[in-house]
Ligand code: SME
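Listed next as structure tokens is one chain, alone, in the form predicted alone.
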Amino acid sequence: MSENLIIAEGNKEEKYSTLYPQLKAIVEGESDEIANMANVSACLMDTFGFLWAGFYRVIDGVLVLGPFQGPLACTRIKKGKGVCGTAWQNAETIVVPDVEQFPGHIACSSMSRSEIVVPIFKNRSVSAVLDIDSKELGTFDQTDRIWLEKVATLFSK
């Protein structure tokens, strides 16, 4: 894998279709999960310019902040709390067009306006979540859900 990320021009679908094979090559070429999470976060930020992109890992019954790109983040999140904790509890992707409308939203950054959280599964249980925040309302849709769920499967091995 080249050290340089090829950043696609065009619509969201085109960007994901260019980025995904690169992420796959990065993750398959490295056995350290933390290193892979760090690089995936960086690639997502470089490609899309989100407010925040990163991971929370399930450690001792709580989500603990992992590698990320963006402003300061919450360090620990309990199961069922906020978007991340709810995605973990329900073991499903959550797309939030307006975080102000999500009951119990945890405002780690007041700049966050919309969010998507995708669970990562190992041995049929959630081992981590991929969390992405945007400064804009309604940033995330079905295209993001589909592609980011594919990205999450890269960590399921």
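Numbering starts at 1 and follows the sequence shown. Note that this is a predicted model, so its numbers are computed, not measured.
From this point on, the text means the form predicted together with the ligand, which you will not see here.
S.K.: Considering the ligand in the predicted complex, find the one stretch among 40-48, 120-128, 27-35, 104-112 with heavy atoms no farther than 4.5 Å from it.
M.R.: In the other structure, the partner sits against 104-112.
S.K.: Candidate spot W52, I77 and V83, all three in 4.5 Å heavy atom range of the ligand in the predicted complex?
M.R.: Yes, the whole trio is in contact, each within 4.5 Å by some heavy atom.
S.K.: Relative to the ligand in the predicted complex, which residues of 134-157 have a heavy atom no more than 4.5 Å away?
M.R.: Read in sequence order, no residue approaches the ligand (within 4.5 Å, in the predicted complex).
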